[in-house]
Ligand SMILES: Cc1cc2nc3c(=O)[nH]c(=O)nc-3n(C[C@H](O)[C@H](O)[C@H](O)COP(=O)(O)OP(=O)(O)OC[C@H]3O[C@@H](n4cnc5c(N)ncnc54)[C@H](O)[C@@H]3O)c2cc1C
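Let's start with one chain on its own, the form predicted alone, as structure tokens.
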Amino acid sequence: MCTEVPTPAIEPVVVVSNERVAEGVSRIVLDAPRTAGAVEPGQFVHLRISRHADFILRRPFSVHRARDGRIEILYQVVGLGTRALEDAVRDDVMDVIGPLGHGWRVPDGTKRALVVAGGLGAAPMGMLVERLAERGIEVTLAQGAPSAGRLLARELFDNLCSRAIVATDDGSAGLCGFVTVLSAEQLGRDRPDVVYVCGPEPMQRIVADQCAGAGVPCQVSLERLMGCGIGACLSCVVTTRNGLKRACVDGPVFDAADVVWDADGGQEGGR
């Protein structure tokens, strides 16, 4: 992946489609040719939900896929902003600032990669898996969710990954249990060259510890409240071994070995 971060810009975007794709999760497709042509896997956009003028702050969203001049965003309906976004219809006009942040990195010589996604952590993995497959890298995906109905992007992952395995809390699909059981098995079974992780931070910490024990490089994508998206407001601070970093400009992807996790399994300074 490229090491040069494209300059972010404001781009008017038009809603192409907006539909429910899983329990509590929707996918919005935006016509955004500039952003789609510049975004790299793991980067995000700051979206203004312009149907509701009372929303002063933009909302940050990972870019799930970018193709044919369009970007796709997976989002969970959890608050006023995402409920308003769910009301958006075809031809609604919004705008985004993007692409923002630093995304996933592929170490030189990578032949096998393990991708670990928990819940909505599947959102930034779509572009990543596509890019890895394009480069001929063998990808194993370990995906977790509360139930089968909340497993995301299954068709995409099944088509592009050499192996895709799942775990659900209720046992309705795959292993009955946590995705960290699958990641531990994969690290012991067929050592990857790199591991990519996104999902709840306690899960990310467990996988990071597993990778550290196995001596495998690991990257994590950390979610933070982001007020500005350009590093000015300091609302998205991440504690690292090299000091405080801002998720919006220094991340959201970090080397897991650099992250300082707190005693509860999350990230110090996290929200």
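The structure presented is a predicted model; accordingly, all values stated were derived computationally and were not measured. Numbers follow the displayed sequence, beginning with 1.
The discussion below concerns the form predicted together with the named molecule, not included here.
Peer 1: For the three residues V78, M226 and P252, verify that every one has a non-hydrogen atom within 4.5 Å of the named molecule in the predicted complex; reply yes or no.
Peer 2: Heavy-atom distance to the named molecule in the predicted complex: all three under 4.5 Å.
Peer 1: Does any heavy atom of A184 come within 4.5 Å of a heavy atom of the named molecule in the predicted complex?
Peer 2: No, A184 is distant from the partner.
Peer 1: Is R65 part of the interface with the named molecule in the predicted complex - any heavy atom within 4.5 Å?
Peer 2: Result no; R65 lies far from the named molecule in the predicted complex.
Peer 1: Any chance V129 has a heavy atom within 4.5 Å of the named molecule in the predicted complex?
Peer 2: Looking in the predicted complex, residue contacts with the named molecule do not include V129, since no heavy atom lies within 4.5 Å.
Peer 1: Against the named molecule in the predicted complex, would P41 count as a contact residue? Criterion: heavy atoms within 4.5 Å.
Peer 2: P41 lies outside the contact set for the named molecule.
Peer 1: Which residue, R205, R59, R27, R70, has a heavy atom that falls within 4.5 Å of the named molecule in the predicted complex?
Peer 2: Checking each option against the named molecule in the predicted complex, the one that comes within 4.5 Å is R59.
Peer 1: Between the options I137, L74, A167, A88, which residue brings a heavy atom to within 4.5 Å of the named molecule in the predicted complex?
Peer 2: Contact check passes for L74.
Peer 1: Just one of 88-96, 169-177, 155-163, 119-127 has heavy atoms within 4.5 Å of the named molecule in the predicted complex; which?
Peer 2: After filtering at 4.5 Å, what remains is 119-127.
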